[in-house]
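Only one chain comes next, encoded as structure tokens, the form predicted alone.
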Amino acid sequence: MELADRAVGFLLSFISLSIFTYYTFWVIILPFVDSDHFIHQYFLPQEYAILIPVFAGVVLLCFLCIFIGFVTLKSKKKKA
């Protein structure tokens, strides 16, 4: 089981580092590259650099609020 946990941890770390590197390159470096350069075909338009994290944050916040609501309701039912 310990080996599986290490593999999952390594995979999650690799995915996180890949997303961070892609996003950093997209937001910080790409605006300084000429717009007709071939590298632009691998990235979405710059507007999505803001929209995607905002949307992900709103979804995360909604799930967090729903989870807290369910936990609160369950704890109130146990006391009653």
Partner chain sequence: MKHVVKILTLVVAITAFWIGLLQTSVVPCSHTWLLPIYFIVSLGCYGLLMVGIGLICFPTCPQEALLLQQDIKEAKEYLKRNKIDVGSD
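Residue numbers count along the first chain shown, from 1. Not measured: the values here are computed from a predicted model.
Not on display, but discussed next: the form predicted in complex with its partner chain.
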(message) Can you tell me if Phe63 lies within 4.5 angstroms of its partner chain in the predicted bound form, counting non-hydrogen atoms only?
(response) no
(request) Please run the contact check for Val8 against its partner chain in the predicted bound form: heavy atoms, 4.5 angstroms, yes or no? (result) yes
(message) Is Val59 near its partner chain? Define near as a heavy atom within 4.5 Å, in the predicted bound form.
(response) no
(message) When the contact criterion is heavy atoms within 4.5 Å, does Val27 count as touching its partner chain in the predicted bound form?
(response) yes
(message) Do any residues of 53-69 have a non-hydrogen atom within 4.5 angstroms of its partner chain in the predicted bound form? If so, which ones, in sequence order?
(response) Pro53, Val54
